[in-house]
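We begin with a single chain expressed as structure tokens, specifically the form predicted alone.
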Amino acid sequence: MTSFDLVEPETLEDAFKWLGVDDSSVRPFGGGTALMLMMKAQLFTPVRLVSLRKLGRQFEGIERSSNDGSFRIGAMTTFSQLEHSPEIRAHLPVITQTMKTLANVRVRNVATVGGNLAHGDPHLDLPPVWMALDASATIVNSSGTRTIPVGDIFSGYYETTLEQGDLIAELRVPVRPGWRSRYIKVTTRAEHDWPALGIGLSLHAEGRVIKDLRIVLSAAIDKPTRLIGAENVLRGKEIDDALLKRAGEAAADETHIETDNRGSAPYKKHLLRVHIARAVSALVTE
């Protein structure tokens, strides 16, 4: 591993100063779990790393709004803090459920919410969950602040729309009464390994009629992606076996799934059909 500079700014202004160069080998980091692996594998050679751990309260913590009940989750919040938050467990239980098979305790103690998104890896477990929950991200840079849907962060395989000098400051996650959510992780290896297929699903049903829903596919494609075609098949309909089969076919047809060492494309499409039907049926009948 080649030498590099490590700086730990204590203010945003200083962070922007260190990051404000047109050089992709200068990079911010939170927990650094994925970054260190890339450096060890010589996939990334930095000249400067900018640690965000001293930036203070504005990048940390989990807070619930007294107005609409939505959550603000700071970008430097660790996975363990999410996992053990009583309020997250009570109001966004799908996140707590997802943590049960997400990496391991050592990673969850260090990895951060913002860094996980900025990494842009399509195999990660939380991005499809955030998208299914309709979460948004607040991005800051030296010019100001903008808020975008979490799905707009991703542009391709390990690629994001974040520009040099951009930092993810926080997530905003709505709490939607009557909605139920689930994350389906399908892996051919150990349960904590990267999935061959990940599905984030959130829906609002009255009886067996689906009033609204969001389905997000990850791992089997180059970025987490909403399955709009499958959603349109299901939205406003009373579910039965025929409808679930049509939704599964729509999902398989609207995405480009590639063969890799976790399974062939036909195998993953079969998994997609099966698990969408199972998950929708289970959520509607909860």
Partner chain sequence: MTTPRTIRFKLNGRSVSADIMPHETIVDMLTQRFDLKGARESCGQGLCGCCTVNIDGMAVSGCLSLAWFLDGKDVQTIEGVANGATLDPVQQAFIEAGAFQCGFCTPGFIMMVRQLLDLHPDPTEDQMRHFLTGNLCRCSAYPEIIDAVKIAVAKRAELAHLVA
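Positions refer to the first chain, counted from 1. The structure presented is a predicted model; accordingly, all values stated were derived computationally and were not measured.
Although not depicted, the form predicted together with its partner chain is the subject of the following passage.
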property: Partner-contacting position among 53, 226, 246, 235 - heavy atom within 4.5 Å of its partner chain in the predicted bound form; result: 53
property: Contacting member of 164, 101, 96, 155, with respect to its partner chain in the predicted bound form [4.5 Å, heavy atom]; result: 101
property: Partner-facing stretch of 156-164, 129-137, 104-112, 143-151, counted where any non-hydrogen atom is within 4.5 angstroms of its partner chain in the predicted bound form; result: 104-112
property: Exercise: residue 33 in contact with its partner chain in the predicted bound form, heavy atom 4.5 Å; result: yes
property: 4.5 angstroms heavy atom contact with its partner chain in the predicted bound form for residue 43; result: no
property: Its partner chain contact in the predicted bound form: residue 59, any heavy atom under 4.5 Å; result: no
property: Distance check, residue 5 to its partner chain in the predicted bound form, heavy atom within 4.5 Å; result: yes
property: All of 172, 179 and 282 within 4.5 Å of its partner chain in the predicted bound form, heavy atom check; result: no
property: Partner contacts in the predicted bound form for 63-82 (non-hydrogen atom within 4.5 angstroms of its partner chain); result: 80
